[in-house]
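Shown next as structure tokens: one chain only, the form predicted alone.
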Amino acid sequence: MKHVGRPIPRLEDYHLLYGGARYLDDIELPGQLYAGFVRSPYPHARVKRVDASEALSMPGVVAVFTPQSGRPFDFAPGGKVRYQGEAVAMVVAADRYLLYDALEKVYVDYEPLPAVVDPIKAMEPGAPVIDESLGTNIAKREKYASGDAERALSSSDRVVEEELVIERTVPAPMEPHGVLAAYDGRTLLVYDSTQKPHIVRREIAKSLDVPLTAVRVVQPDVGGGFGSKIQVYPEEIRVATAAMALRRPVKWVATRSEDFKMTTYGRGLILRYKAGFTRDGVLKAIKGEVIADAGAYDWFGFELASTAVTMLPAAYKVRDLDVDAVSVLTNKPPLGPYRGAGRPEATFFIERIMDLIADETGLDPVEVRRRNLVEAAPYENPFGMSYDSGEYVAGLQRGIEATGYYDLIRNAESERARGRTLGVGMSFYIEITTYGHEVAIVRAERDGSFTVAVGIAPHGQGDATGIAQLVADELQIPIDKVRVVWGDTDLVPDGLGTDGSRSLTAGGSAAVLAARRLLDELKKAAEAMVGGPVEYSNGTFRSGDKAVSIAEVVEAAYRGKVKAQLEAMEVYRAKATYPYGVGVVVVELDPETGLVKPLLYRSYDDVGVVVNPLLAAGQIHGGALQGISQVLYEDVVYDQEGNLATPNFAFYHIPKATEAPRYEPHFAEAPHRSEHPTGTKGVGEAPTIAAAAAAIKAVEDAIRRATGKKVRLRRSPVRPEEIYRLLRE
């Protein structure tokens, strides 16, 4: 029975649903100590002195590490803190409650400094400088240019100039950050709520100057990440270092409010631009800059800005572009990847431009996109991105039909007559997924079952089920004979973990190729057993009237009756691939309050082969809500001094299930495969990319329907008070 393409329920769910999950804070080791961090109340300050003497005198306090502890603790680098919540010291105590008392007994003498939280103001002369070694807050600037943007602008019928802003969001997985480390004199064992156990292993080994073999990282069940657990945080290194120094297990788990202070934030990009277009709706040129609000340390800020720039042309024909990617330091936690990582921002920007052209020319938004789309791939965009496969004009048409876009428009008009104010928005997206290498090992067990160890690190996506489907089909065996394991650096030597919508494409392809190699080995053994060439199907090798099952071959190999490798490893180098599609959002506006509620998300996605439609639909549900939430709900607020005014869920709104729309995903009936053995392209981030751009247009549409006037929304999130104001202007 073929497994790929079937909606098989997740194999991982049993222990999750029946209370068997084991998250980081569920793990207790004998003699375990608890770590906590003293965090700066100031967004920018010199650290003049840290006095830990009173804390150290408390019974049960084992150690306090401060800036004087040096590397690799590295507290207050350069003698100052650069964002509110940056760690200044670490206390280790025998009891968690005692720990929190002791944290209050570490006295830090700060000299507050002026702070800057607006990246535009941070670039102005005279702004407080966050990293004096740079002499500026511009951490990095790089130009991306193609054609002649100035000439194309001058020859355009219309030129518009504006600024589009995507404010920061807080990645909010169910489980905050945490790490538990223990050292037995030979091996440093680290349990880590991470998306990348092998990267954590490398960073810890490098920081402690020990060989990789001295560090084992185990990823327990992880309650989500959304990109915020890609970064190896200083806290992870410090806890591991403390465990090694103290020769006792040390655990740190962030509280939710602490998590808001120390996690990387998402989005935080600005596009300042001019665009030129013809009166018949053809985009001629874009000139401008994408500015990343990188935060206090440029961990990912420039990378996100450059990704947004290189994907800004999307699948549109425009080739005259001149756009800088800029990362700017501010007194905020560092910017990091968040579900899509630069691609939602690129799509938001270019789709806002397409909607602007439609508004300015009076053309239908779908028609504007059709006039600008490249017909089909293969296609190299102006910045060198090689789109591998797809039919973009035809895909737009299929997407519009599958989502019933025009029926939704007509319904919104009808509902207006009944007193309801609906808005409909659509977007066309293309994204880049998959990068780097991935590792998989397939091992034959004596009973004819197979264990697959992978370097990817699923944490809720259901990737283990998808990989089991792929390997079961490759080996032509029932899926219950395949077990997929992950999240332990002792199981497989390397891997890049889970991010970038790459897990099934990169990790699954590695597993398929390893299974194929192992099957070739077993085929040779089978030929030795039956004495001639064999054909293989459905778990059995046949040669004439002779047959031997794959389980019998494996058993013979384990008994030494026949020679065969019983384990195969594949290191697969994965090229980028490009899913695309259409997202449509319907919202309802309350004109009395300005509140907007999402009602429906429909999508049409060509994501290559859909290994498991149930899992893919689940990704659409979660991803779409995150995209819509970015526009309607999630709002990070700082005051002028750099204090975070939304420090936890009491102030920062994450939508509940009751606030989610109805989801109706559609996948391409004849998808365009990637070149990878799986034929997949990735679906984890596509809905987030499509939904935000469609949602903000839906809000505009609802306001227009309520007032009869066109409005232009340039900032995400769209606050109810802004809508309320627009309704009354």
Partner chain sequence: MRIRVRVNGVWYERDVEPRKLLVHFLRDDLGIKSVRVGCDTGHCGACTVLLNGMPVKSCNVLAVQADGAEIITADYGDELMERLKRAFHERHALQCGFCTSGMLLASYALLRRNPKPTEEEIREGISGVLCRCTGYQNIIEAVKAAI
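Positions refer to the first chain, counted from 1. On a predicted model such as this, the values are computed, not experimentally measured, just so you know.
Keep in mind that the form predicted in complex with its partner chain is not shown, yet the notes after this line are about it.
Based on heavy atom distances of 4.5 Å or less, which listed stretch (379 to 387, 120 to 128, 248 to 256, 304 to 312) is in contact with its partner chain in the model of the complex? Among the listed stretches, the partner-contacting one is 248 to 256.
Heavy atom of each of Y144, F428 and R714 within 4.5 Å of its partner chain in the model of the complex: None of them does, since no heavy atom lies within 4.5 Å of the partner.
Heavy atoms within 4.5 Å of its partner chain in the model of the complex: does Q619 have any? It does: once its partner chain is placed as it appears in the model of the complex, Q619 has a heavy atom within 4.5 Å of it.
With the partner left out here, check for me: in the model of the complex, does some heavy atom of Y406 sit within 4.5 Å of its partner chain? Answer no; every heavy atom of Y406 is more than 4.5 Å from its partner chain in the model of the complex.
So, in the model of the complex, is P171 in contact with its partner chain at a 4.5 angstroms heavy atom limit? The answer is yes: P171 has a heavy atom within 4.5 Å of its partner chain.
Quick one: is T658 in contact with its partner chain in the model of the complex, heavy atoms, 4.5 Å cut-off? Yes, T658 lies within 4.5 Å of its partner chain in the model of the complex.
Partner-contacting position among P493, G224, P112, G448 - heavy atom within 4.5 Å of its partner chain in the model of the complex: Partner contact (heavy atom, 4.5 Å) among the options: G224.
Heavy atom within 4.5 Å of its partner chain in the model of the complex - the one residue of K206, R96, R517, R272 that qualifies: Contact residue from the list: R96.
Enumerate the residues of 433 to 466 that have a non-hydrogen atom within 4.5 Å of its partner chain in the model of the complex, in sequence order, or give none. Sequence-ordered list: H459, G460.
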